[in-house]
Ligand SMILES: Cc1ncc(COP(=O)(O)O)c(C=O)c1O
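Here we start with a single chain on its own, the form predicted on its own, put down as structure tokens.
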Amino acid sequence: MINDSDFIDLFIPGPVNVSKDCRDKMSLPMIAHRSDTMSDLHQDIASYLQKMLFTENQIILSTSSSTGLMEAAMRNCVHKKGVLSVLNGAFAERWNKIAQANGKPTDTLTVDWGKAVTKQQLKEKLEEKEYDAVCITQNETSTGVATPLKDLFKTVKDHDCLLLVDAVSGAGGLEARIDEWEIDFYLFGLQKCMALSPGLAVASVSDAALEMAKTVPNRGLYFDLLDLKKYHDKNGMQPATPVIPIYYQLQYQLHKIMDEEGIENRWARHAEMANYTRNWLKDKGLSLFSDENVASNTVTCVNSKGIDVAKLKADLKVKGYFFATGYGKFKKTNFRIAHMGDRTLEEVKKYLQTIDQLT
């Protein structure tokens, strides 16, 4: 049995801490998933997500991880011309793995870890051949790199491709203007910058992406965008029973974000925490793993420079914190500081002061 003593402060890039008021929403009574109450709940969530993302696109809610909606994007938005996946980290590589697993023609544009793809790199690759879609990771959690989508989308559109974006650790923390940036599929989960429980994924889907889906055979069943849209249009329903308790959480959190904090203020708070963290590591004689001009505002990846990250993780656990080491091949040489979700600058300062005491 899990006890209260098993819970510690999560300073990792997801899942993040969920506030008590959000957790309490999951204890509301269950409702029928074909009821008017469910319909109202779904439609209110969709409306607020459109406001948060600055879009009029179709909102899709999926009872799955974000990887499920990455697969939905691949199954529905890629046909005979295939897909170009931009790879600059461990999570970006998932796009290519999903393309291969679904039998989609796929090419890759590989960028050094710690860097973001440039407009010129993308342009040169897209001039080699035609594609149905381009896949980009907005925020690479493994390296702390935020790809500047607003600088790249025109290059994608100039080559008549759909733009598919993994925003898993960006949405709700990084600037996103879906319609202005002409993003066709923008997907994310709730357990990172949205500061909610995992289990529900969200996507904004353009008309162009839905039109592409009509031409693609074998879209599957669970992640068929046209089926999801049909049920959404049918009074805000879902084809299968959704994870209703997390709907309660999401509705509550969206109202807090949009009606109380304001999404642009939320972006600014993430930037403030990131800037403080970057200044802290410079004062400590440490360095960013990522290029500074593309450093993320939701997670900072640090070159450990001789710090024993395994020991630091153990010591921080004693202090009540769950620490994030580097990811994959950089597990021993990097560590990551997550400053996302409902975190405050004061909480970040206290955490960094604790690291100072231990190193």
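Note that the structure is a prediction, hence the values are computed from the model and not measured. Residue numbers run from 1 along the displayed sequence.
The form predicted together with this ligand is left out here; the points below concern that form.
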Which of 118-126, 231-239, 139-147, 245-253 lies within 4.5 Å of this ligand in the model of the complex, heavy atoms considered? The stretch 139-147
message: For a quick test of understanding: in the model of the complex, does each of 66, 70 and 192 have a heavy atom within 4.5 Å of this ligand?
response: yes
Looking in the model of the complex, any heavy atom of residue 168 within 4.5 Å of this ligand? yes
With a cut-off of 4.5 Å between heavy atoms, is residue 91 one of the residues that contacts this ligand in the model of the complex?
yes
